[in-house]
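Below you'll find only one chain, the form predicted on its own, shown as structure tokens.
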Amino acid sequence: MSGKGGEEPRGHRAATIGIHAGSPEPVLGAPVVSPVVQSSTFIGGAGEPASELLYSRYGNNPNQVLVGEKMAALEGTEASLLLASGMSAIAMTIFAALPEGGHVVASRHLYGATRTLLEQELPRRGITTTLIDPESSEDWEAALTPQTGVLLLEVPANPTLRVFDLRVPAEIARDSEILLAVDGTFASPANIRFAELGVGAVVHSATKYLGGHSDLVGGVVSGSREFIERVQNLMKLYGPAPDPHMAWLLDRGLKTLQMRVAQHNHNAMELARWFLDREGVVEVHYPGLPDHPDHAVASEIMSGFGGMLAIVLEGGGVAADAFTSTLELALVAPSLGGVETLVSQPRHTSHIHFSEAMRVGIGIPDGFVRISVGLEDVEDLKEDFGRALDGLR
């Protein structure tokens, strides 16, 4: 199985783990950087029924295995599995956890495609979902049924940056012996140690902070060895196995994860504080700000407040369109977590299929601009955003 052995090597810390975990023992003449094993299949198997069949669709190519072991070590879980995208990771997680007729209790504050999966695709497979406001144990408990097998939420939530207290559903999941699955893409393991908070399945879109350079598409699931084996068996059937070269790129990204996220955290905090005093900005969403509704919880469960922030502009959608179209350094693109600063309007991208009332109901009014703060000099970013705001006046 891919990604065994989530024990942190010799008690090393996260930055060291990101560089060394999963790598083979050093021998004289071996390459410092593991090579790409660009092979779909591997010799062996005939007359050796006890040996593992190596086949890249099975997720046990050497590059896939290396990343799985590294992610398990970073998350502090027994195992991790690399998949072809974040959406395949979330889908395979739910499929692995639930039989036909199963039930999900999920936060209303989710990525748009995840909501579509829950509300439109899973019912075709006999799986139903109850969406709740995840701020109290009473809401979680009231939604439970005998068929409930998964509690699902995002922390921080896309795109509103809400940071719901994971310890609330974790206690319910433990008492009810059901799976707590969390999409931790916005945080990455550099900012939240999800397994230590009781999360049973940690899901990431590796496309974002884990890769970090906007040059790959992938997903990761981390959890118990038994659960990851179930996810891997479904991956073999449904086919979302990762390409070896993508796995190699992801391994390269993980080597600098701690350093990159630390700078993302710094730049986003600086920029969020700066936006507070800007004319035309009516709201600033960033969990590091004292007036954020979840600042207290974020301060307790996060080691850094992340590289994502959002603003709401006076003038609504017209102002947001004008603002984003005049940026010169920040790029308008529907992704996040890369070294470059990206901006998007969820009404045009991640939540385009939501009605205006649905968007407003979860805190995404017209004029809402999501910003993935990159690693540029933050003073240059302030100048770029300042010019765009001046243009609105």
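The numbering used is simple: start at 1 and walk along the sequence shown. What you are looking at is a predicted structure, and each value in this text was computed from that prediction instead of being measured.
Not on display, but discussed next: the form predicted in complex with a small molecule.
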- [ ] Just give me the single entry in Gly211, Gly86, Pro134, Gly304 that has a non-hydrogen atom within 4.5 angstroms of the small molecule in the predicted bound form.
- [x] Gly86
- [ ] Tell me, out of Leu234, Val217, Val297, Leu144, which residue has a non-hydrogen atom within 4.5 angstroms of the small molecule in the predicted bound form.
- [x] Val217
Open item on the list: My question is simply whether Glu75 lines the interface with the small molecule in the predicted bound form - judged by any non-hydrogen atom within 4.5 Å.
Closed with: no
Open item on the list: I'd like to know whether Glu154 contacts the small molecule in the predicted bound form, with contact meaning heavy atoms within 4.5 angstroms.
Closed with: yes
TODO: Determine whether any heavy atom of Val67 comes within 4.5 Å of a heavy atom of the small molecule in the predicted bound form, and answer yes or no.
DONE: no
- [ ] May I ask you to state whether Leu254 is within 4.5 Å of the small molecule in the predicted bound form, using heavy atom distances?
- [x] no
Open item on the list: Looking at 283-291, 263-271, 244-252, 86-94, which stretch has residues with any non-hydrogen atom within 4.5 Å of the small molecule in the predicted bound form?
Closed with: 86-94
